[in-house]
Ligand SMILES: Cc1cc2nc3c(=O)[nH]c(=O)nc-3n(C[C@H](O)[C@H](O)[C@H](O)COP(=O)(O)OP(=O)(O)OC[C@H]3O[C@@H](n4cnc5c(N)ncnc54)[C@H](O)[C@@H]3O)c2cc1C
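Here you get one chain, nothing else, as structure tokens; it is the form predicted alone.
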């Protein structure tokens, strides 16, 4: 059993990379983290800040294809696939369709629940250890619904959640209103996932970076990986930002760029970037108490840092930095349908954050030891659960590098399952 003390290079400075570095450094490893930018601009900053044991269903689930096709024809809808003859999109799409069934959901759900619950528990320790207030609140998340169809689907899912041991409550409209006395809501009801929590992503990321520096972790900015040298089934070195890095072990995170990184190491990891938008607003003046998902609109709303962050949309396309104003309009227009007193203006483009969720071909993370490259651990494809799964991913990575048993089952996340 490896007790640490060797060297590790972590590729990627998002939540998965930083948490991996944190737990590896705690275990006595000398860690270097390479980030293609400057650690301040990735999906871990602008997301909804939700920690979600409630998200035990993978994105590849029954009904998602039919729903997605309907949304394709609505310019303001929360989901869009840019039509393309790109083989990687077609190949990804075929794999996704193959997994969008109940059998896949039933097999994956206990794994996702366990990883999320593990991560949620680790967040409590992390919040204590970081010298920053990460604004962690354990108030749960409200799944708000307006239509009888969504109500029926959500209550059915809630019963499954209860059977799986999650702490939930099914609320009628009056009970929801009692939980949010300072804002007027127009909903049929909600499922309150009391097992969920939320935090302020920017505070978390800045706190982690500050902690890692104090721990002696080397944080290398503007170090995009351009080449990976393999020798005898192991990574010999990584060329990044014009410099060569060697180590005993390598951890590959890389978010939405994981697919191209993996290719440099000879691995096939199907992944599509899912662009999302978010913005902060003062409109609610501190009146909203609970984070919420506006289910029909697929919009997330989270109180954080004294404001409210509103986010949504899943655009599957090649990485691009254009802001689709129609999609943004769709997000903004959905808010007063639930919170009736708040008609928000569409924010100017310079106030809108966008990021790319790394979406795997079956809705499950890629997490585990590579069998093809003996000194490589892969940790990515976390989709919309990146922030939620950050600490669990990092701790699992550290355990694998240490050759220790992981606290939760990860065989379903085999990073080479599509090899």
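Numbering follows the first chain given and starts at 1. Quick caveat, the model's predicted, so the values are computed rather than measured.
Quick note: we don't show the form predicted together with this ligand, though the next part is all about it.
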property: Contact flag, residue 294 vs this ligand in the model of the complex, heavy atom cut 4.5 Å; result: no
property: Residue 50 within 4.5 Å of this ligand in the model of the complex, heavy atoms; result: yes
property: This ligand contact at residue 110 in the model of the complex, heavy atom, 4.5 Å; result: no
property: Non-hydrogen atom contact residue 265 with this ligand in the model of the complex at 4.5 angstroms; result: no
property: Partner-contacting position among 223, 308, 269, 122 - heavy atom within 4.5 Å of this ligand in the model of the complex; result: 223
property: Contacting member of 212, 195, 261, 328, with respect to this ligand in the model of the complex [4.5 Å, heavy atom]; result: 261
property: Among 270-278, 167-175, 243-251, 180-188, the region lying within 4.5 Å of this ligand in the model of the complex by heavy atom distance; result: 270-278
property: Joint contact, 14, 35 and 382 to this ligand in the model of the complex, by non-hydrogen atom at 4.5 Å; result: yes
